[in-house]
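Below sits a lone chain in structure tokens, taken as the form predicted alone.
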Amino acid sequence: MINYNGHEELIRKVYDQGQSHVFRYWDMLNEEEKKSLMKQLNSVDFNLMNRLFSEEDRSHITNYTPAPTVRPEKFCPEKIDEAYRTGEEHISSGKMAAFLVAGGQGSRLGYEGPKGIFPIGPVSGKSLFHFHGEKIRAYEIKYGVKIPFLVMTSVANHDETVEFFKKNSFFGLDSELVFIFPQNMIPSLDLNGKLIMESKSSIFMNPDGHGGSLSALKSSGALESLNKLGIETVSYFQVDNPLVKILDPVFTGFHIMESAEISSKAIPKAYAEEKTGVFIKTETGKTGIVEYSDMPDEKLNATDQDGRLLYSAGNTAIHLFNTDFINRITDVGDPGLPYHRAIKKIEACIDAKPQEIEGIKYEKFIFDALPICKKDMIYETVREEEFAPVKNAEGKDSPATAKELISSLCRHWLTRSGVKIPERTEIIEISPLFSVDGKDIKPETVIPDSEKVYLEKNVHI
């Protein structure tokens, strides 16, 4: 057994847990490396890791039916107007915050750095972070309030994200109301349940998934700040969707009118095999999500009498959370969301050299909060207006398809407003500071006679 003054109890625990291999390179480490390894080991919940490795993955749902959704087109205009007024009153009362999950890297897009820095503006070339930051600033101007902006990063991209926000002056937002914090980490295990060495002086850890965002809100102190600011509703969304309506009055209004603790946006699946999870109801009456890969063919392809897919409510990763709900489930420590396990290739330190091995990564998913809330609502929306994920370098859900959707929506806004668009104009981008929802575009707006058009307006309060 190794000796290290002041850490005897931790060292004994590591040996008792059968994880003494983490000290294999101990004599090669300098003092700082030894301190770093001990600090990392002290953060490991060995009881949790033993339980996760020994348990079967029970996160899969087997018995379920299609989840009911709220479809605005089924309501009379008066009901939609009521929801809109209710939502606008809630927003303008300063009771909402925006929560962006941005822990990913842009490696799948061929980009080195945080995915949020990836340029997505079809004309401006502005980043995903810029899109979201300007939208929030536009909402502040429109509703005359300050909107707290929460950004959850990862250990890998936190510092670069903070620096990017500073470099861009927080996109015009009050820096005191922008809370940037990293998500929590959890060790990965090899197929024998052993901790994996990432280097001679560190164990391999992975982010605990977007489901860990609620715990991170608590542990970072951001939730306490929201409580002090009187925030009642948190709008959750992911960094790779530039079309997201961060603060949607109608969605917010229905959330309040339905007395929901969590509300989620869904889009009709384009086809049965589309790679998205779908909202379902479990046999206990709770809402959940089943991934397309976990659905048997008979359910994946099931249709109703009109030929519409029964399991059609695709997950957009857009949610509203009541802060009362987040407070309740985090006051007792871990909210209790299940960990999902996945076998992944991991670059490990084997015999003091890098070597790729198979390991087990554990993650939580945010939608697993649905079954533990008292009431939820699923709101069905229009794909072309709110969903343009940037996940692949080419093909579907790529920068090219997202830019096309952005331009198409901007063109739709202008046409709907009666604005004349020159024939040679092919690509259009509208800054949120010009119009955040297209409803205030004036018909006399003049579009430059150019192939590429960017409508931008500097607004100061």
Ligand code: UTP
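Worth saying up front: this structure is predicted, and the values here are computed from it rather than measured. In this text, residue numbers run from 1 along the sequence as written.
This protein has a second form, the form predicted together with uridine 5'-triphosphate, left out of what is shown; the following refers to that one.
Comment: 108 to 116 is the region of 371 to 379, 139 to 147, 191 to 199, 108 to 116 lying near uridine 5'-triphosphate in the predicted complex, near meaning a non-hydrogen atom within 4.5 Å. At least one heavy atom of E363 is located within 4.5 Å of uridine 5'-triphosphate in the predicted complex. Contact between L217 and uridine 5'-triphosphate in the predicted complex is not found at the 4.5 Å heavy atom cutoff. Contact annotation: D208 falls within 4.5 Å of uridine 5'-triphosphate in the predicted complex, judged by heavy atom distances.
Taking the partner from the other structure, uridine 5'-triphosphate in the predicted complex has no heavy atom within 4.5 Å of any heavy atom of H158.
Proximity to uridine 5'-triphosphate in the predicted complex, defined as a heavy atom within 4.5 Å, holds among K299, K126, K391, K245 only for K391.
Taking a 4.5 Å heavy atom cutoff to uridine 5'-triphosphate in the predicted complex, the contact residue among I180, A313, V101, I262 is V101.
Contacts of stretch 404 to 419 with uridine 5'-triphosphate in the predicted complex, defined by any heavy atom lying within 4.5 Å, are made by none of its residues.
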